[in-house]
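Next comes just one chain, in structure tokens: the form predicted on its own.
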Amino acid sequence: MKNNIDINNIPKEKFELIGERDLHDVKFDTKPIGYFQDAWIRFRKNKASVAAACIILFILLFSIVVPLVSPYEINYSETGYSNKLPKDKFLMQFGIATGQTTRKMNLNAFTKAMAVGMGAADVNGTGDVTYEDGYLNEYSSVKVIGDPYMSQDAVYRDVSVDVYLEEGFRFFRVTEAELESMKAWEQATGKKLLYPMIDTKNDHPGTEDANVWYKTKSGTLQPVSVKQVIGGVVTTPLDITAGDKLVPNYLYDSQGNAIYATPSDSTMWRVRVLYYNYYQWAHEGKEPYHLLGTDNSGYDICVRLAYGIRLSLLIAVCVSVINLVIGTVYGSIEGYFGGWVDIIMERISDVLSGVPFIVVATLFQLHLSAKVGPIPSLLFSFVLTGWLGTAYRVRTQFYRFKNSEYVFAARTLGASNSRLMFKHIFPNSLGTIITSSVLVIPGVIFSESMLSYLGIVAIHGDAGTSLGTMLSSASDLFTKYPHEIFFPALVISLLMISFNLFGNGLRDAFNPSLRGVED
């Protein structure tokens, strides 16, 4: 009795019979959720795995898009701009990737740094440029001058410099045609490329530094006023201590005009060029901007990183797929037939599992890489024993499901062994197999990086590189140029963490025992 209603006194006309057709319509009003759909729903609820999948996708897109949009190729190398900091024209507006660093300079180092801008301003070789002219020049490597301080009985100052502009000037040997091309480029662009030659024998015997265009007058050191520029606006002057005066040390002809080229031999000329503009002349007006900087060979790190990600992921995925195929077939045969078949195959697995991977990889690189190349030999190293883990998991799953009732029913109906193995048992093991295959990828990436870092595997040069090779090349320069090792290390770390989180999400999503379970 509920709400004072007597169910025994309800009139018969209030009831309505439901036919068999109507009953089935109600029963199938909602669609059943499939195995993969249910797995996808549970995977989406794992926020860490979804975030990891997004990171993996971003890294993959980076490796695909960067080589397509970058002005640099994988084999591009400019040794004059090796070990340079990140610099990007757009990001510089926000104070990011400016290509600048702070150096501690004494008087001589500071004078030489200031002389780069002064030399760039002295286009005619008259020598009448001032410190202020050099500091305000667009090619001055000095950007911010710190206050002087005493250190170890000497005066120092912290100076912010543009590492691309501090290259300053260089000597080159060019042909007559190249010399004329340089002059034509100057007229077409309005930029100065050729600068007065230096008398390297006068006051600087044996000196081949194209930036030392000056001689210094001896005398008492005096403060020189240089105006500081902040945001393009000239502000208060700075007092910097320097020599009395920088005296030009150029070569002049009989009329007193600066000489811009001297004959090197019958066909070549020796010139002194502003390297920043020389780069633009040699590369059709392109300025040296490198988003992630350059390495010790002058390669663009951004492009090399993209190709390194491609190669590392390609090796990892290939190893994962090959191990999946071999391990699935091997493990399914072991688990399904059992008995003496399982005993023999397990003993083979035990022997292979006792072989050290690093020994196999080293031997393959020593004796096989010369014939097939370092990458195929590396694949052989991973595949030789890499499938054992997958085979063990598949074997365990087959032992778990082969005596199930649905398998017995299929066998009773005349299903063949191959049908029972791959049609009835294997699908129930799919979640575990997929998860183990995904988790192989970060292990391969880490192992490849370790082998490359140790120098066992050599994947470098103009044709390509790997993440481990980039780490190995930058390891000796870590304290001086940390950006060269930071970016590949960051990518490896993200791939390792993301693939592990992604694999854990797949493991939970494909777990049959969690099917239909709500979090």
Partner chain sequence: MQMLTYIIKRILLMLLTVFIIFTICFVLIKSLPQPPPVGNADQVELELELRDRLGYNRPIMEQYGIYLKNILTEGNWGTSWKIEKFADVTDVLFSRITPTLVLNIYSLIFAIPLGIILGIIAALKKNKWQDHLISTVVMLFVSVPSYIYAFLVQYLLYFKVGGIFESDIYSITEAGTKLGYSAEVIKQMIANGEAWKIYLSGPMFVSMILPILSLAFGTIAGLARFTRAELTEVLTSDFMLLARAKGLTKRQATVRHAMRNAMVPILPMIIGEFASVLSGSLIIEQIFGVPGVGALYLSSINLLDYDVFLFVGMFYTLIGLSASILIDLSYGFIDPRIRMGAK
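Positions refer to the first chain, counted from 1. For clarity, every value in this text was computed on a predicted model and none was experimentally measured.
In what follows, reference is made to the form predicted in complex with the partner chain, a form of this protein that is not presented.
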In the predicted bound form, does Phe171 come within 4.5 Å of the partner chain, counting heavy atoms only?
no
Can Met92 be called a contact residue for the partner chain in the predicted bound form at 4.5 Å between heavy atoms?
no
Would you classify Ser381 as touching the partner chain in the predicted bound form, given a 4.5 Å non-hydrogen atom cut-off?
no
Can you work out whether Val407 and the partner chain are in contact in the predicted bound form, taking contact to mean some heavy atom pair no more than 4.5 Å apart?
no
Report the residue, out of Ala184, Leu363, Leu413, Ile96, that has at least one non-hydrogen atom within 4.5 angstroms of the partner chain in the predicted bound form.
Leu363
Looking at Leu60, Ala53, Ile41, Ile456 here, can you tell me which has any non-hydrogen atom within 4.5 angstroms of the partner chain in the predicted bound form?
Ile456
Pick from 399-407, 272-280, 385-393, 366-374: which stretch has non-hydrogen atoms within 4.5 Å of the partner chain in the predicted bound form?
366-374
For the three residues Gln100, Ser151 and Tyr156, which mark the spot I'm curious about, does each lie within 4.5 Å of the partner chain in the predicted bound form through at least one heavy atom?
no
Within 4.5 Å of the partner chain in the predicted bound form: residues from 345-375 (heavy atom criterion):
Arg347, Asp350, Val351, Gly354, Val355, Pro356, Ile358, Val359, Thr362, Leu363, Leu366, His367
